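The chain that follows stands alone, in the form predicted alone, written as structure tokens.
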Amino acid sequence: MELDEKDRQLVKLLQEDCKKTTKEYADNLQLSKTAVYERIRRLERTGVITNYVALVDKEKVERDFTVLCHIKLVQHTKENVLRFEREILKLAEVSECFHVSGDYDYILKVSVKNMKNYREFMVTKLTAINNIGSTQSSFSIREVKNSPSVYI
């Protein structure tokens, strides 16, 4: 879908704070409330906007121990790849999973309370998935940037 400049500005505003009123967006964009309402509905209908969520402070819910876990599969058959991906979708600790090129097949972003909880996750959940050949974990020292926004 081709977005015009007002659409881009609206998406940026929604990504910054989607709890504002249509009137507030309209005032900012110098459009009518109806025009903004229709633009939002079109962006939702066409799948540009897929969801609205509340962002949670990981530290306040004790899930600020972040690990990037690199996974190698034993074999790269379609069945093994699909099975692995189905199993990863079930793990609440995994917030992101990327199928990547290079030395590893997948990179997972895992958020848990602490090292003890990560070990428990590895032993009881992750390594219980068939066809994992090896893992390598990198522990976050400090989160420099974490933005859910998409640059458009």
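Note that the structure is a prediction, hence the values are computed from the model and not measured. All residue numbers are counted from 1 along the displayed sequence.
Just so you know, the form predicted in complex with another copy of the chain exists too; it's not on screen, but the next bit is about it.
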{"item": "The single option of Leu29, Met122, Ile49, Ala35 touching another copy of the chain in the model of the complex, heavy atom within 4.5 Å", "value": "Ile49"}
{"item": "Another copy of the chain contact at Arg39 in the model of the complex, heavy atom, 4.5 Å", "value": "no"}
{"item": "Exercise: Gln136 in contact with another copy of the chain in the model of the complex, heavy atom 4.5 Å", "value": "yes"}
{"item": "Contact flag, Lys116 vs another copy of the chain in the model of the complex, heavy atom cut 4.5 Å", "value": "no"}
{"item": "In the model of the complex, Lys19 touching another copy of the chain (heavy atom, 4.5 Å)", "value": "yes"}
{"item": "Heavy atom within 4.5 Å of another copy of the chain in the model of the complex - qualifying residues of 46-66", "value": "Thr46, Gly47, Val48, Ile49, Thr50, Asn51, Tyr52, Val53, Ala54, Leu55, Val56, Asp57, Lys58, Lys60, Val61, Arg63, Thr66"}
